[in-house]
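To begin, one chain is listed below as structure tokens, in the form predicted alone.
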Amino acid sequence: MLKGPFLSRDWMGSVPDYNEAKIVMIGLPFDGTCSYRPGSRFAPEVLRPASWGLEEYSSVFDKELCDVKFFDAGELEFPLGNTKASLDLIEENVLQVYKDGKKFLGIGGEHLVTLPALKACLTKYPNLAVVHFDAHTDLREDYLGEKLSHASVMRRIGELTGFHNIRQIGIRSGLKEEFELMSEYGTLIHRVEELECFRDKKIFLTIDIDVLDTSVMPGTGTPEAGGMSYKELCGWLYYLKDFDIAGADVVELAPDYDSSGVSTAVCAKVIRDVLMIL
């Protein structure tokens, strides 16, 4: 019999037993509505080995990953080219996570994967708030006639939660009418104190990794100059650590556009930070 030891391909620090976990990590390798540079479907498979380049201990959050109790379920397998079936598959699996009394962490994939995950979360928590980090508004009514698009994901989410239950951070690109919609509902914020309105709510946290500046995150589908540093994003996450976060995702890493691997390493660290606050 082989004795090993053998390298793990699960996320660093994950527990081996689903029943033991408080959080379930699911890879969502879908980029079927990508409008510019495809490739975010390859993110989950490279993020797992990249996680082993991190420490299990976070000095910022003073916590070890072993304290988090999360299970790495691996990646869902999607029917290539069928957006609706793929979204339904996400919703079905995330719904099971909540039925089992656990929290969900999704690793995308493009930003549209947030919609079915949030639908599942809403089933358990109807009065859900959404905290959205992104370079782009994602509030289009449609993109080239398609309402189910990563460019319109927050519009669809707002129709479910109410736009008054959304706060958006880091936005610097969008159509004029999208900025008018943000202004109408006050969704765009610039200071951590503006999150206090969600202090007593359940929150779904969604991070499009292109919220980070292109100097930090070139490996993404729609890079946008003028973004945050990693340290700035981490500051927002630290402020959120005492909020009641019911689920989260980190999306839109497209690793093949950064041959250095730095984008993947940064994204892995952001995911570790999110695990620390779930």
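Start at 1 with the first residue shown and count on from there. Treat the numbers as computed from the prediction; the structure is a model and nothing was measured.
Same protein, other form: the form predicted in complex with another copy of the chain, not shown, and the subject of what follows.
A.B. asks: Counting only non-hydrogen atoms and a 4.5 angstroms cut-off, does residue 176 reach another copy of the chain in the predicted bound form?
C.D. replies: Because a heavy atom of residue 176 falls inside 4.5 Å of another copy of the chain in the predicted bound form, the answer is yes.
A.B. asks: If you check in the predicted bound form, is residue 235 within 4.5 Å of another copy of the chain, heavy atoms only?
C.D. replies: Heavy-atom contact with another copy of the chain at 4.5 Å: absent for residue 235.
A.B. asks: With the partner left out of view, is residue 242 within 4.5 angstroms of another copy of the chain in the predicted bound form by any non-hydrogen atom?
C.D. replies: Judged by the heavy-atom cut-off of 4.5 Å, residue 242 is well away from another copy of the chain in the predicted bound form.
A.B. asks: Is residue 155 near another copy of the chain? Define near as a heavy atom within 4.5 Å, in the predicted bound form.
C.D. replies: Residue 155: no contact with another copy of the chain in the predicted bound form.
A.B. asks: Name the single residue among 115, 189, 122, 76 that comes within 4.5 Å of another copy of the chain in the predicted bound form, judging by heavy atoms.
C.D. replies: Spelling it out, the residue with a heavy atom inside the cut-off is 76.
A.B. asks: Between 92, 159, 142, 196, only one gets a heavy atom within 4.5 angstroms of another copy of the chain in the predicted bound form; which residue is that?
C.D. replies: Only one listed residue qualifies here, and that residue is 92.
A.B. asks: Between 243-278 and another copy of the chain in the predicted bound form, list the residues on our side with a heavy atom within 4.5 Å.
C.D. replies: Result: 256, 257, 259, 260, 261, 262, 265, 266, 269.
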